[in-house]
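A lone chain, given as structure tokens: the form predicted alone.
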Amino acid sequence: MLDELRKTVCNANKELQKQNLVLYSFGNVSAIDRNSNTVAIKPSGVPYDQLTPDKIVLLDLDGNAAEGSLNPSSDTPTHLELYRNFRDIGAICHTHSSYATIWAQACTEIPCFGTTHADNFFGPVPVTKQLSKNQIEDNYELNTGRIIVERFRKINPLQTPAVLVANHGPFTWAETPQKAVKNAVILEEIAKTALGTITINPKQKQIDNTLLEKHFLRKHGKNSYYGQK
């Protein structure tokens, strides 16, 4: 099982590069086996073209190494904090993709202007608060996870599987690594189209709530009818 987990996480990380969401060794994908609470994550600073399943690092939820000789991603404490709090997710993706990062650096949520957004995220993509000086200097990566969790106190992370960390960049998540990467691809697209929307019409209002619910629930609701059974 853990060998398969490593292989799946390795392939998902490589997909980031194929989708032009990362440069060099930027970004990372992780996944968790909930049965053993084992997390598999990209090693720190390893270029994607050098990544192989045996280089994927295995850890427990406290960050203790289970297998692997390489250092895990520097963002590992953020991933672990999300796994500890978002119990229904199985994978996390972090990138510095251009358009999503533009919104993150602007410390501004991505408004939901249309149905492409509504098909995948139930409302605006939220942005976290900015970290304090103390939060940056002490346990920076852990505190990044904590401000994400705090931001989702009143938001269902399964309905809005993405966040912008203020001044930093986007995180997405899902049940599987492949879906977490897919959410990152979609997030980058809606970040781009939202920026284009307010460029054309700075006063554009967000999508009507009825249309938002219709598009999201027809794909993700209990009575969804999009796609094949």
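Note that residue numbering follows the sequence shown and begins at 1. Rigid core: the largest C-alpha set superposing within 1.5 Å between the two forms. A quick note: this is a predicted structure, and the numbers were derived from the prediction, not measured.
Beyond the structure shown, there is the form predicted together with a further copy of the same chain, which is absent from this document and is the topic of what follows.
Proximity to a further copy of the same chain in the predicted complex, defined as a heavy atom within 4.5 Å, holds among Phe86, Tyr99, Phe152, Phe122 only for Tyr99. Proximity of Gly196 to a further copy of the same chain in the predicted complex: non-hydrogen atoms within 4.5 Å are present. a further copy of the same chain is not drawn, but in the predicted complex it has a heavy atom within 4.5 Å of Ile207. When contacts are judged by a 4.5 Å heavy atom cut-off, Thr52 does not count as touching a further copy of the same chain in the predicted complex.
Using a 4.5 angstroms threshold between heavy atoms, Ala66 stays clear of a further copy of the same chain in the predicted complex. Using a 4.5 Å cut-off on any heavy atom, the residues of 106 to 144 that reach a further copy of the same chain in the predicted complex are, in sequence order, Ala106, Cys107, Thr108, Phe113, Gly114, Thr115, Thr116, Asp119, Asn120, Lys133, Ile136, Glu137, Tyr140, Glu141.
Relative to the superposed rigid core, the position of the CA of Gly169 differs between the shown form and the other one by less than 2 Å. Comparing the forms between the shown form and the other one on their rigid core, the Cα displacement of Gly68 reaches 2 Å or more.
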